[in-house]
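Shown next as structure tokens: one chain only, the form predicted alone.
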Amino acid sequence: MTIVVGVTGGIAAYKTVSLVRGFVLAGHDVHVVPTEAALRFVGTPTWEAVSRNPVTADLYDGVDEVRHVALGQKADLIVIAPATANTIAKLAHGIADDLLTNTVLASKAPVVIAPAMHTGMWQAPATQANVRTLRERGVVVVGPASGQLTGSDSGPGRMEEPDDIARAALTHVLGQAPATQGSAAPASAARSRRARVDSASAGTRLDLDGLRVVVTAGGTREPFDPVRFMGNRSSGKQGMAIAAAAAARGAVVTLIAANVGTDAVPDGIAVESVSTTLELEKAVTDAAGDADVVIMAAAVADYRPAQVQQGKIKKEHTGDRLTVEFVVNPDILAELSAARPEGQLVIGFAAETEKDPATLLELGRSKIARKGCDFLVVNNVGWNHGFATDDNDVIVLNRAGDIVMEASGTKLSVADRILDATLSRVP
């Protein structure tokens, strides 16, 4: 696979050397396109040495081959790491004033960016709007991570680690035809590309080897009658991403899927499909008995109809108003937390619509205190974000209510970050 790695002007450029080296060792043809600012941090000789290809930042080098167009057409994948606020703004607005932005604009290849900048710049409304624009166009955003920045400040803005960027990028391109001229690649080329992706993933850490992990995903449905139900908008993508990430890292995974398609679940993951909250309760309670970790990512209905009609409810019989009595569902997360055996880790999820960050944090702290789980993953959801999207923004709290991790990006990259932040406690 031909991979273009764009490097922009940030101190995290030194980490991209490892990213490039990993791609090359996995057998990919890697072409590094740095900006002039990036070369202030890591020089051309280093990029040429690790990529094994000539490197230039000059838009007017190789004019005879129209280099920016040739690179863009040749690429099967474009990864930009680090991606500064300036470059993100250029990409969002179609500005092409250097070799890298010209290459991206001239290409039809999948694009993955790994933002890196100061927390204030990352959280600025302009940057967030630009990132939303790129995501809407199909650009995959990996990170940023939260932690110590270049100076004395800390917070979200650190570039994700090279292994995590590579994993997210290669996973995203699986099953897609290379962005070459013409139609999709033949099956033999697809198999060859898959083999190279698997080779790149072969060095992935197996830090969860043998760990027994139960993950719930999706949203429960509570029927009114044989036709209608009360449900929620959870797609199950985050839960399934956690299951896939845990399995890729060596865990023995059981996925309890509530009303979601499981065709994309990787081989080797045991799947049990459920529909209602009571069915989910029984399935997860049974599976949790010998589990090391239980991750409750499913969106569970708080209430269910007190009575389920055996025939379809018809408005001709009920009139202009329909009154339904609801009863409370069991609190599965609290039950699991109270009954967990010694050494078992229980991780809950809290989807909230509160937009104020401080209030959202207080809601999360209140909930983990009530539920008694070891960690709580808090994410903000709404009409157009959180549920049924490919990206997520989460805060992970420990039992004391402290923030142990913040992450944003693809649900697969967020899944790995959640596992990193929580499973370090498992013996």
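Just count from 1 along the sequence shown to find any residue number. All figures in this text were calculated on a predicted structure; none of them were measured in a lab.
Unshown form predicted together with a small molecule; subsequent notes refer to it.
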item	value
Option from 247-255, 128-136, 234-242, 161-169 whose residues, in the model of the complex, bring a heavy atom within 4.5 Å of the small molecule	234-242
Contact flag, residue 387 vs the small molecule in the model of the complex, heavy atom cut 4.5 Å	yes
Residue 207: touches the small molecule in the model of the complex, heavy atom cutoff 4.5 angstroms	no
Contact label in the model of the complex: residue 360 to the small molecule, heavy atom within 4.5 Å	no
4.5 angstroms heavy atom contact with the small molecule in the model of the complex for residue 354	no
Residue among 81, 333, 294, 109 with a heavy atom within 4.5 Å of the small molecule in the model of the complex	333
Residue among 46, 398, 379, 56 with a heavy atom within 4.5 Å of the small molecule in the model of the complex	379
